[in-house]
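Before any questions on how it binds or moves, here is one chain, the form predicted alone, in C-alpha cells.
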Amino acid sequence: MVTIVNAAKLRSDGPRSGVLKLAIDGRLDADSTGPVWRESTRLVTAARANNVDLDVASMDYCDGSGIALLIQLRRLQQKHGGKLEIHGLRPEFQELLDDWSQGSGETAPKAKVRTQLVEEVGRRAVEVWRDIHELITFVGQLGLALVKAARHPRTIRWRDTVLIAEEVGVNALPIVAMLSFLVGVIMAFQAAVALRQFGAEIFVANMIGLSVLREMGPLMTAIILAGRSGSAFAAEIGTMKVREEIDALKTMGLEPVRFLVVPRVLAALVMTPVLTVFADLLGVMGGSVVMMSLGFPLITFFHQLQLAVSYGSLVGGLVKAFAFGILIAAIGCLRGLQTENGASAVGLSTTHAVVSGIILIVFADGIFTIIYYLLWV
C-alpha cells in the first residue's frame, strides 16, 4: 500500500512473520507530517508486530515535526513490547533525533526490581548522607561568597538584589498580613474559650502578645516565604540549570553562588524580619479585635499587652526571622542548583525546596525555643 501526502510518501508492507515494514520518502515537514503521522501510527497500532523496520533512506528533508513522528512511533512500539529500527537516516537528522530523545528523557522501559527492606533503607540513608554532604559544601561556598561580598560591596548586584527584595517582601505583604491577622483572631478566640471558665479573659492579651511576637509571627512569615519565595528561587535557578545557563556562567568565569545566590540571600535576609514586624502588628491587631468583642476596651488590651511583653520578646522573634530568611533563600537556591535534566526536574526541585525549607525552619525554631526557654526562665 502507498500513501502520498503533499511531498511525503508512506509505504507499508506486512506484517509478515511478526515484522512490519514502513518506508517514508520525500519531505517530512510541518505540512506533510500530520497525515503521515495519523496513518503510520494507525498501522503500527493495528499491526502490533514484534518489530517495525522503518526505512527513511529516501527522505530528503525532516524538521522537528518529522523527528517527533519518529519518536512517537518508537514509543508506540515500546508500549506494545516491540522494537522499532530506523534505517538510512541521514547523519544530520540522526543528530536531531538523538537530541530530542535525550531532552525528552526517553529511555527504554525498565522492569521494576523488587528490593528488600534493608536494601531500601540503606539506599535512602546513602541519599540522605549525600544530601547532607552537598548542603555542608554549599554552606561553605555561600559563607565564603558572603564574606567576599562584605569585603567588596561593589561586586554585589545591587539592582537585582533590590528587585528580588521587592518580590520577596513587598509583593508578599498582603498574604502575610491577611494570614497573620486571621491567626491572631483564631488564637484569641481559642484562648478566650479556655480562660472564660476561670474568669480570666483579660489574660488573652498576654497570650496573644507572647505567642505572636515570640513564635507565630516569625514562624508564619517563614512558612509563607518558604512556599512562595523559596519555591520561586528553586524554579528560577532550576530552569537556568536545565537550559545550561549555569554552565555558561561557569564558562565565562562567573561563580553561580556569587552571581545568583548571594543577591537572593541578601534580599531574604533583609525582608524576612521586615515582614515579621508586619506579621506581629497584624497578629496583635487580630487579638485586639477579639478582646473588644468580649467587652474589653482597647486601652485595657494595650495596657495588659505592655505588662506581658518586652523588647526582648520582639528582638527574639526578629532574630528567628533573620535565621529563617537565610535558610529559606539558601535551601531554595541549593535545590535549584541540584536540578537535573528532564521535563519534571524543575517541578521536583521546587517541591524539594518547599519541603526542605519547612523542615529546616521547624528544626531551627525548636533550637531557638530551647535557647529562649533557658534564657527567659
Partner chain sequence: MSSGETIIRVDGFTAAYNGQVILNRLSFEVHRGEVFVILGGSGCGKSTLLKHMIGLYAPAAGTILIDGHNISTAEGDERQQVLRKFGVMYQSGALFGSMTVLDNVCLPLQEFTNLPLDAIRVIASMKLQRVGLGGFDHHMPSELSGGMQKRAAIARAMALDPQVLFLDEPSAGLDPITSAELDELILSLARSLKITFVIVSHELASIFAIADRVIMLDKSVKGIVATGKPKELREHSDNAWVRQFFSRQASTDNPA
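Numbering follows the first chain given and starts at 1. Values in this document were obtained by computation on a predicted structure and should not be read as measured data.
Separately, the form predicted together with its partner chain exists; it is not shown, and the next lines address it.
Checklist entry - Are any of the heavy atoms in K148 no more than 4.5 Å from a heavy atom of its partner chain in the predicted bound form? => result Outside the cut-off, so no.
Next on the checklist: Please determine whether L144 contacts its partner chain in the predicted bound form, using a 4.5 Å cut-off between heavy atoms.
Outcome noted: Result no; L144 lies far from its partner chain in the predicted bound form.
Item to check | Contact label in the predicted bound form: H87 to its partner chain, heavy atom within 4.5 Å | outcome: Because no heavy atom of H87 falls inside 4.5 Å of its partner chain in the predicted bound form, the answer is no.
Item to check | Interface membership of L249, its partner chain in the predicted bound form, 4.5 Å heavy atom rule | outcome: Yes, L249 lies within 4.5 Å of its partner chain in the predicted bound form.
Item to check | The single option of K79, R123, R243, H133 touching its partner chain in the predicted bound form, heavy atom within 4.5 Å | outcome: Residue within 4.5 Å of the partner: R243.
Checklist entry - If you check F138, F259, F203, F302 against its partner chain in the predicted bound form, which one has a heavy atom within 4.5 Å? => result Contact residue from the list: F259.
Item to check | Interface stretch in the predicted bound form with its partner chain - options 206-214, 249-257, 177-185, 291-299, non-hydrogen atom within 4.5 Å | outcome: It is 249-257 that comes within 4.5 Å of the partner.
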